[in-house]
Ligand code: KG4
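Shown next as structure tokens: one chain only, the form predicted on its own.
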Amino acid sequence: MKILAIETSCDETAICILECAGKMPQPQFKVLGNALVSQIHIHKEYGGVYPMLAKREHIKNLPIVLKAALKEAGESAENPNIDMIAVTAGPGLEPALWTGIEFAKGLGEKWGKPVVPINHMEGHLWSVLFNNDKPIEFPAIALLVSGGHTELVHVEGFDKFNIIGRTRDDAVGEAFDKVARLLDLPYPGGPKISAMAEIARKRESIMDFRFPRPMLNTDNYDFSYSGLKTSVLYTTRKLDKLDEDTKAEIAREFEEAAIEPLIEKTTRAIDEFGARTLIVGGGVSANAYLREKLSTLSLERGVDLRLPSPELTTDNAVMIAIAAYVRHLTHGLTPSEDIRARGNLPLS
């Protein structure tokens, strides 16, 4: 089966053509064509993604990205050899989502191909199936961490999963970006915070800062990051100056404060649900310190750690095609002419 997938949930315009084969629990995937245009350089001056500007750029970029993906796959733009079109319907920025949906509908009508809506978070969840060398053992716990989401998911199978915990305010990736702005670091701030934190960690200096670990000991699996961000804000206001060494120390303490609740609650979830596998997805899954802690956790608890390849940690169309194929095998996919953009579409 060949799936053309479209992803426009935020500030990446992405289209891929994926060849999918095999059955559960070990499907196989081959990228035939893949193209992506990032808008980071445009949104930098806003310190985050400006939705209507993202929409405008998606409208401009979609035809260009499609042409590149089709060319790489050796497919005709008039009648490509594909079986379906998968498009992200949510969650995400609704103006951005609508551009992808309308573009997919137009292609479906032009080519006579079915168009199916896909949940963006299912894409992150099943991105670990790419280059999958062995089947996932269930039950599993999935930690989905990005700029827009922080969720713990109990995964009983490819067709049965539910959220057991989520952030009550800011997502962890969002907190990284906001703290980066407080330290006058450029957007996107997550990689900059991580790099500075590692510099401070290598110095092995004694930190003068101690930030709260939000909701670390609550008897649930929820998270909160707005208070941590505020604590960093108050700390920076008290300082006479923010030199590079001080920024590095703040970055280190913030990163450790942000990640400790993720590890603690993921550990508890693994124990409670008897998980055999730990799945991690989303942009923050690329964070080196988080990966180190997750690796230690997997060894201590004897669970199989599944992380996406680096190119699939951020928003991309490959994961949308993978999620579409998983849906096809487990539920069957029903084409829809009434696909709606749902900014708060839940994972279900």
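So that there is no doubt, residue numbering starts at 1 and follows the sequence shown. As the structure is a computational prediction, the values presented were derived from the model and not from experiment.
FYI, the form predicted together with this ligand isn't displayed, but the following is about it.
Taken together, the three residues 165, 214 and 229 lack any non-hydrogen atom within 4.5 angstroms of this ligand in the predicted complex. Among the residues 127, 146, 99, 266, the one placing a heavy atom within 4.5 Å of this ligand in the predicted complex is 146. Interface residue among 170, 249, 151, 177 relative to this ligand in the predicted complex, by the heavy atom within 4.5 Å criterion: 177. Residue heavy atoms within 4.5 Å of this ligand in the predicted complex occur in exactly one stretch of 292-300, 29-37, 54-62, 307-315, and that stretch is 307-315. Although the partner is absent here, residue 194 sits close enough that one of its heavy atoms falls within 4.5 Å of this ligand in the predicted complex. In the predicted complex, this ligand stays beyond 4.5 Å of every heavy atom belonging to residue 42. This ligand is not shown here, but in the predicted complex it comes within 4.5 Å of a heavy atom of residue 284.
The closest heavy atom approach of residue 90 to this ligand in the predicted complex falls outside 4.5 Å. Residues from 177-191 that approach this ligand in the predicted complex with a non-hydrogen atom closer than or equal to 4.5 Å are 177, 188, 189, 190, 191, in the order they occur in the chain.
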